[in-house]
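First comes one chain, alone, set out as structure tokens in the form predicted alone.
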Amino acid sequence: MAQSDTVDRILDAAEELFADRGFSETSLRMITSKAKVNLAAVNYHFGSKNALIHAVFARFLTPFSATLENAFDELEARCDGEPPTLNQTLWALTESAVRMPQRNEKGISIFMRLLGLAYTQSQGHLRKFLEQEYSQPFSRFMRLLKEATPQLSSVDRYWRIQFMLGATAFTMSSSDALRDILQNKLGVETTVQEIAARLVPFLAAGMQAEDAMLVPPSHKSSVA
């Protein structure tokens, strides 16, 4: 078995098991069994489970980051010194993701599940790795978001970004199930690209929505 084939087998198995079971619940022996390799191969190519987790993310994020940087370069060149709109910024991000070559048809949904797990499970080493390796495209995206939403306070922008990420992670990680439901209920077929096209205007509207009262009006109880 060629070295690159061994690495791909391990990464494919790890990616799927991490997405289905979580990081802590997935053992290296589960991964080696699914990949049909021995434990020595994992240790040789990756050295540790944490390093394997990093490699799973890097396999998607490294080419995605390069594609995204190019998309931002093209976007800012088209805007000729003017800040890109929120829709334009979100489209650049989304199109970069859906244009990425995928190893299989579930590539994006699996990665989005993994990205969600990176925030919901205790994986401090992973968050540190992502911040160190991919801070440049992330910081650039955040700058463009800030320029496109000058009316928002830092706190409001923070929360709206979290809500936007939550909606994106749910939609894209569940895209296969959502497409099946649409097909069964309404007889309509759709693609990941079409889902993204519907998602972006929704996200942009949420980021730009008018402020609402943080505390709902109190309801006085009546005494009969």
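Keep in mind that what you see is a predicted model, and the values were worked out from it rather than measured. A residue's number is simply how far along the shown sequence it sits, counting from 1.
There is another form of this protein, the form predicted in complex with the DNA, and it is not shown here; the text below is about that form.
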Exercise for review: Within 4.5 Å of the DNA in the model of the complex, counting heavy atoms only, one of 194 to 202, 45 to 53, 177 to 185, 66 to 74 shows up; tell me which.
Suggested key: 45 to 53
Practice item. Report yes if any heavy atom of residue 39 sits within 4.5 Å of a heavy atom of the DNA in the model of the complex; otherwise report no. Key: yes
Point to revise | Any non-hydrogen atom of residue 27 within 4.5 angstroms of the DNA in the model of the complex | key: yes
